[in-house]
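Only one chain is shown below, in structure tokens, and it's the form predicted on its own.
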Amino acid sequence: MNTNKQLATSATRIASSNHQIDESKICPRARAIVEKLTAANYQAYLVGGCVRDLMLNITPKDFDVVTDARPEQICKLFSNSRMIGRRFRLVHVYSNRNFIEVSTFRAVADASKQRHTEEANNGRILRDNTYGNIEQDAIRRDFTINALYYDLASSEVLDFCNGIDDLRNGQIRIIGDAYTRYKEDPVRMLRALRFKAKLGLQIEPETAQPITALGSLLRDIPAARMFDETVKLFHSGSSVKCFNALRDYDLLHILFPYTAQSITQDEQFLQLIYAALANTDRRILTGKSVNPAFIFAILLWKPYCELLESAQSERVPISETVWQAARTTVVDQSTLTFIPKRLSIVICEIWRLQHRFHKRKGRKPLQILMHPRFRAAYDFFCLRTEAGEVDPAECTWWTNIQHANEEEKMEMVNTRQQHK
């Protein structure tokens, strides 16, 4: 029996002739998971951002599945799965290194009465594993445009919260009272800004109004989760717009206080940030790889330089001071947005190489060319040139030596003094 036919009567059902979703854009792995769940007599739907993007004729990057099966039942059905999470217990169903996230219908719960729900004093939900039905699941989602469900069996979109109307009107509307919903999960504020930037939608007034006032609640979010959300902002393909939105809603100083302070004093640093973000957007939109370390290196460059300047001493070698300033800058930022060690090493190496680029005589330039972080550091150096921090002649020299043959390289590093 296919229980997807037992639909909630309160849902607005949009037939395929009205939503015109291109099913060729649906991930085959997600489809297979839904079909296996329904074959086992569970309800299962595509849900959230993937349905929203399909409605906008965008090929979704990620697909999520929701079902009435409990996490333990999902894991029993899929041998290649793993249960994760404490705050929200989910199941990842793997295919090689990739996975589809499968969640169980949840209900809005009273933390004082439910043993599966835990709430902090400030209203933030710490743990929420109170299960429910599809109608209850819809109203506990964040925004109406994310409370859309796609029934693969009937090719219908199920809309419980007027999300279709908001999507067609180009607006982001939170489900329920904005103050309450942001306090439950302050990260929803960042998600609203990301959707605004990425999808070109407007945040409707009642949804937008509390963001600036409640921004400080983001400080209570675990730093590791804040890192993930920050990467989503700056790797959305619309990082320039995301950065501007953070400034407009007075959230930049919450996520990057040292950066926010530095850009008020240094217009050149602000231009460097914009140049780097625009470059990142171009790379993402053309399918090129990006490394989160690069954006963090850009955003923290001026705070690092300021710390380096104040820490310099005649009695301490410059190489040691550079490393200490770099490490301190990264550690300070990590209290807000945790930076994994593998990325912090890359950030520090990019910064250290900036000082070495000024040494173009002898064997050192050839050693720099062989450094594993040379390309990232060189790109960083070029952006600094674009922002007016570096003499263009220096950047040109490093560009030319990369394309020179061995004989030309030796001539360049041996004759530098003649060209000064």
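Treat the numbers as computed from the prediction; the structure is a model and nothing was measured. Residue positions are given as counts along the sequence shown, with the first one as 1.
There is also a form predicted together with adenosine-5'-triphosphate; it is not shown, and the following applies to it.
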Distance check, residue 195 to adenosine-5'-triphosphate in the predicted bound form, heavy atom within 4.5 Å: yes
At the 4.5 Å heavy atom threshold, is residue 64 in contact with adenosine-5'-triphosphate in the predicted bound form? yes
Flag residue 140 as yes or no: does it have a non-hydrogen atom within 4.5 angstroms of any non-hydrogen atom of adenosine-5'-triphosphate in the predicted bound form? yes
4.5 Å heavy atom contact, residue 185 to adenosine-5'-triphosphate in the predicted bound form: yes
Can you say which of 158-166, 225-233, 253-261, 293-301 gets within 4.5 Å of adenosine-5'-triphosphate in the predicted bound form, counting heavy atoms only? 225-233
In the predicted bound form, the residue from 337, 130, 146, 81 that sits within 4.5 Å of adenosine-5'-triphosphate by heavy atoms: 146
None of 241, 191, 89, 173 but one has a heavy atom within 4.5 Å of adenosine-5'-triphosphate in the predicted bound form; the exception is 191
